[in-house]
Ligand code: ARG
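Given next, in structure tokens, is a single chain: the form predicted alone.
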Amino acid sequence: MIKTRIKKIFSEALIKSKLDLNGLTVIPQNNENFGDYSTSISLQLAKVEKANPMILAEKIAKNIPTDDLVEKVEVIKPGFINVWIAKKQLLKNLTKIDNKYGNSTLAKREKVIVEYSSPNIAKPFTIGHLRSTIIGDAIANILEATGAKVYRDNHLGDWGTQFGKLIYAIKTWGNENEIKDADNPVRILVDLYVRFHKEAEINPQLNDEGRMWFKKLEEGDAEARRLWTQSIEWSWNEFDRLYKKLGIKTEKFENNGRGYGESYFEDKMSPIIDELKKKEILTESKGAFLVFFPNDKYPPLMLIKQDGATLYATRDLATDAFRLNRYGKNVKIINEVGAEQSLYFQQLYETEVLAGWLKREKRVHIKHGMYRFKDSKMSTRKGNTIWLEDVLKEATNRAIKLGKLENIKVSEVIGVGALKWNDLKKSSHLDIVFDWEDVLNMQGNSGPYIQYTYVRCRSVLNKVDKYDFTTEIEETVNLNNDELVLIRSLLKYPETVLEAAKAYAPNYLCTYLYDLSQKYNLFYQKNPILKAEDTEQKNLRLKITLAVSNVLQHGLNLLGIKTVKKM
């Protein structure tokens, strides 16, 4: 990676200048007037050395050789050192940009579990689940691109007292054949669950019936197990359909594509409770058992209620213990869950650290913000529940109107891509103001704009009969500023992928792809490609176009966004 090589050059220059290497950072430049990479190390060293940062910068710059890699070195106030990559290197890199450009093996020793999506059985797959599904999938893809071994887990909510209530509702008011034949069985299950609660307000004894059926479920009662299992299958009918529309490859999830739901760990909690008691991490208080954190770092975390019942946290600890045993103590666990659960995950992680299971840096909570809707109709639809299926239909219909498209599949790709881009283009912890006009904008920072730029590239390339794109461009070729800007930008794509992986930040990738698309569209408008002045210039511009299309497709794929042939 070029950035690594540049950092090594700066390091060697610092050694030759007899200056400290600690704190050296190299930053890629987006403004071509300031080169390709720069460092502010002289500003940091000036405080220690009690010297003028400009003098230090000049001293370091003199020890940076200009060769096949570095074309020019420049020092600018108040002490930045900028370097330009040599033209020969830029052209050589251009020829290497294939459909795998951006992949690396730099993280090949890392093992990572990414837990995401995690809808609840017999409950609606809502717009709220969309964020976790989209962000988690993109992070998993990006980590894989850096060579990490990634395990994807869909931690389904498939256990708890609510299933006793649902079973009672199905047996009392439900029609199993009607549910089975329904286009969306989950909607019927939700209605039955809501009816249970309404009836229980009139007749509170129904809650006892719900608890009784859940007790039967826990004890393995055949009828309770049958209806519980059937509810899971009915729910997966919807999940599979929605995941397919979203382009989520469920076969990548652990445990035969369905992940390890909460129910899988129901019989695995007792050993965890025993271990925490032996280590004096779990303390009894008024009949319940809680984790009290040293110096009251966090509020206590309850694991066993007064009636002996376990909680979500108990199952989560059993889940992580299972993961560490199955995948190794060195595995990193990432939970993509809403920001509102921040305190809970801090408590959970601290408990695991206290138990000596793993180091704190091996646990990561990727927090996502809330959806806020500009369209009041959307925000009030179905009460407080916005079904994901409704949003996907709306996206597809709007995509049809946007491009006057007759192909439903293409419309779905554009609509879903627009939804995903709208989510991923910002830092995940931020709330999203959902505005359809912004989501499907063909000119601004949107999914359709990036997809259209890719289509534009392929349209140019499809008009070329035969051309060997592997031939190198001669160093003598003239590069205008538009071409040079694009080639310099393409050089930095692999390190952008790496930075996105390190920060678990798909938005880094979005920012890069949007910037690249803008630069290419400007280049396209100003520079004839197929009708270039001479063959050498035409070949150069075709190579640039191919490289841009490869990078756009690769980047969109990492974000979970498909490309289309025509728009």
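As the structure is a computational prediction, the values presented were derived from the model and not from experiment. The numbering used is simple: start at 1 and walk along the sequence shown.
Just so you know, the form predicted together with the ligand exists too; it's not on screen, but the next bit is about it.
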Check your understanding: So, in the predicted complex, is residue 137 in contact with the ligand at a 4.5 angstroms heavy atom limit?
Key -> no
Practice item. Classify residue 423 as contacting or not contacting the ligand in the predicted complex by the rule of any non-hydrogen atom within 4.5 angstroms, answering yes or no. Key: no
Practice item. Report whether the minimum heavy atom distance between residue 341 and the ligand in the predicted complex is within 4.5 Å. Key: yes
Check your understanding: Quick one: is residue 155 in contact with the ligand in the predicted complex, heavy atoms, 4.5 Å cut-off?
Key -> yes
Revision key, fill the gap. Checked 120, 453, 411, 489 for heavy atoms within 4.5 Å of the ligand in the predicted complex; positive is 120
Review point. Considering 345, 293, 101, 322, which brings a non-hydrogen atom within 4.5 Å of the ligand in the predicted complex?
Key: 345
Practice item. Just one of 223-231, 454-462, 303-311, 329-337 has residues with a heavy atom within 4.5 Å of the ligand in the predicted complex, so point it out. Key: 329-337
Exercise for review: For the heavy atom contacts within 4.5 Å of the ligand in the predicted complex, list the residues of 122-149 involved, in sequence order.
Suggested key: 129
